[in-house]
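Next up is one chain by itself, shown in structure tokens, the form predicted alone.
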Amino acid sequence: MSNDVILVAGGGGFIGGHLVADLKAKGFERIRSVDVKPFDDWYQVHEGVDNRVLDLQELENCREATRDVARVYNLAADMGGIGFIEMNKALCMLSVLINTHLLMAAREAGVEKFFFSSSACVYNADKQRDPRVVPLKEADAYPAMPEDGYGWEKLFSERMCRHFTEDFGIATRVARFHNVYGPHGTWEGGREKAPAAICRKVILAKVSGRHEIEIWGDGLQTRSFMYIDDCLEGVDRIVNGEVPEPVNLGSSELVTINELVDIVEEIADLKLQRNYKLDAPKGVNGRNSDNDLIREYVGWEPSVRLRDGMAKTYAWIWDEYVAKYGAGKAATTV
């Protein structure tokens, strides 16, 4: 397999950049990394990799990207944190073109295995109304009532993977990611997710001396957050295992957003006044990952403690913040 071409679609993104690094570390020699962003906007650009800027919403670009490829990792999507998802539903839906055209091109190219990164946003909203949520099992995606826009696109693309397997014999694998975080990701600008956003806000409070923080919602909404190393390990096990249906890939360590702020405050050695923006986007009230099925299929589940992963993430964002704004200056936005 080390001599076959591997395509990482969305390789300029947060998870994609880490995946390319992981594949290189495992000894894969022919990796093609594709993203729509110009190289200057890629989170990581790796030497010795066939890096290409292509818009994979276009079928011809997907044909170019999959030429001579044996395995596809599709991580490409137009997405961000809850604020971006709720304000850009049409853009999120258009990502269906990426998976549609990649699957079509993969079939033409004789691709052996196709991985699709789905999301916990596919789950029925009625099962996520209580912060004391029962962990979501894979079957809870139906009857369908996913996150509007982004969730519908992911659920539709899951079904497309299933039918390409049934009708055309492509071995597809689907993982439903639960809130992946870590270094080398978005931490400002509107697309960042809660862990990075809270790190940035705490850093801003520390640097500026204004010891307060704005929290979207009442802070009682619950989530689980998966560190990037666990994500990469899970993807590897799912792709190389016999996993014939979509499975959760997420930590089962449930916390409230208030508790996530507690963790970052402890890391920063700081206590802040909390101001709650109750009219801000906050997503579902509760979401957690049931890991019975992934344990059954691959004998493993994510295990990195949130406190440990957040310490590494905070340290990286601190360095990025200081490099951009200086240790004695405050960013103009929160």
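These numbers were taken from a predicted model, which means no experiment stands behind them. Position 1 is the first residue in the sequence shown; the rest follow in order.
Same protein, other form: the form predicted together with a small molecule, not shown, and the subject of what follows.
- Stretch 73-81 is the contacting one of 137-145, 105-113, 163-171, 73-81, since its residues have non-hydrogen atoms within 4.5 Å of the small molecule in the model of the complex.
- Contact with the small molecule in the model of the complex, defined as a heavy atom within 4.5 Å, holds for exactly one of 46, 26, 295, 37, namely 37.
- Although the partner is absent from the chain shown here, none of 183, 267 and 321 has a heavy atom within 4.5 Å of the small molecule in the model of the complex.
- Residue 227 falls outside the set of residues with a heavy atom inside 4.5 Å of the small molecule in the model of the complex.
- The closest heavy atom approach of residue 15 to the small molecule in the model of the complex falls within 4.5 Å.
- For the chain shown alone, residue 187 is not a contact residue for the small molecule in the model of the complex, no non-hydrogen atom being within 4.5 angstroms.
- The shortest heavy atom separation between residue 251 and the small molecule in the model of the complex exceeds 4.5 Å.
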